[in-house]
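Just the one chain here, laid out as structure tokens, in the form predicted alone.
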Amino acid sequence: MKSDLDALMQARNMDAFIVFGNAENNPPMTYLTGGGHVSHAAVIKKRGEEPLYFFGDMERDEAAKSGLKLIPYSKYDLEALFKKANRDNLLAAALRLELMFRDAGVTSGRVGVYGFYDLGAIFGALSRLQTLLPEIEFVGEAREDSIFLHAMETKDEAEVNRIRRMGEITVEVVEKVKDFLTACEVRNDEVLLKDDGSPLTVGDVQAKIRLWVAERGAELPSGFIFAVGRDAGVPHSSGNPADLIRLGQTIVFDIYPAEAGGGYYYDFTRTWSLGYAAPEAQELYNQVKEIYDTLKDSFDLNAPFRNYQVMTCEYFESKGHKSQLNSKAPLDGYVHSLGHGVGLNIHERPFSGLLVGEDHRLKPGVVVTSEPGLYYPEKGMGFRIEDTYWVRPDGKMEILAEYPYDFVLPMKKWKPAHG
């Protein structure tokens, strides 16, 4: 949580940090400021002190909503700085940063650098700032182990409620997609038809998904997956818009919308087959559902998350599938890790991969996914089931948005030829 930042800084021997970029779609900045339409901003926090929020005057009302101590950029005479820098833009930026750091009381020590911004501009300005404040050591961290991902790992109830609301929106959209698909007319060759009699494509469905998400005030900043047949067998294939929707093919629908402006995410997947399923597809789906249910009943408070990745690999290997446990970078079978944290980032701590440490645990306050799957692109099929769970303060695991696990979806206007 945000209250952990000072302790995390202390543990990393970090005296201060600076976050660059917009307040929206920039998780570290959003985390500190609450978001809003504030662009080209910066936050400097000295350990043990409140953050300072630097912003342009035109966005002063938006910045004020953060509740942070505010310093407008107009405090610094940019024209004078530009002149002093002999019209060198990067040096002028460094001169302004020097004044900002001095206002924050930071002229020496280890300073972490975070945020989403133009890498070249930040590197250039900080390189020049280093000569102006030589007692500062700028520090970069691996994203997966940064103080921000550690702080974000546990959520308070207000954060969880925002994720829960995104879950409600997610399953509303999924239900609309299911109802739309199952209400379609079906051509003799088992292709679904639109109202005008033309074939329904993946692109048609994807357009409706974008519309229905937007109508509910959410966004899809990281995209989504609606993939059929062979593409369903490639875990992160978003789906070919030109593909036709047919009966009896597997559909992997992985949707992870976020609050508008780059807020909290939800993550969810279902696998469907319209009308009927081939026996092999049904068997593989049953295996994914079996391990999903086993995991759900096995999750234990404070257990290392990677333990459940091992359990999933061992189960699928017992059924004859490859996994990362004994195959290097498999392209079919079970090919990814079990889950990950969810919050302002679609992927954040704790992670479940085989290489992560035991500090990635199912402790109270974390929000994680469980998403086992099987993938056989050359067979034209793939399967994944995913829900997002919250480890509650009482240690119980709660799915934040319930939704059925039906694999075969009956078509309302189609009956098998023998029916």
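Just count from 1 along the sequence shown to find any residue number. For clarity, every value in this text was computed on a predicted model and none was experimentally measured.
The form predicted in complex with a further copy of the same chain is left out here; the points below concern that form.
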| said: Under a 4.5 angstroms heavy atom criterion, identify the one residue in 276, 180, 138, 299 near a further copy of the same chain in the predicted complex. | reply: 138
| query | Taking a further copy of the same chain in the predicted complex as the reference, which of 175, 168, 157, 215 has a non-hydrogen atom within 4.5 Å? | reply | 215
| query | For the chain shown here without its partner, which stretch in 279-287, 74-82, 311-319, 192-200 has non-hydrogen atoms within 4.5 angstroms of a further copy of the same chain in the predicted complex? | reply | 74-82
| query | Each of 87, 121 and 222 near a further copy of the same chain in the predicted complex, meaning some heavy atom within 4.5 Å? | reply | yes
| query | Taking heavy atoms only, is residue 60 within 4.5 angstroms of a further copy of the same chain in the predicted complex? | reply | yes
| Closest heavy atom of residue 145 to a further copy of the same chain in the predicted complex, within 4.5 Å or not? | yes
| Taking heavy atoms only, is residue 117 within 4.5 angstroms of a further copy of the same chain in the predicted complex? | yes
| task | Using a 4.5 Å heavy atom cut-off, state whether residue 101 contacts a further copy of the same chain in the predicted complex. | result | no
| Members of 7-26 lying within 4.5 angstroms of a further copy of the same chain, judged by heavy atom, in the predicted complex | 20, 24, 25
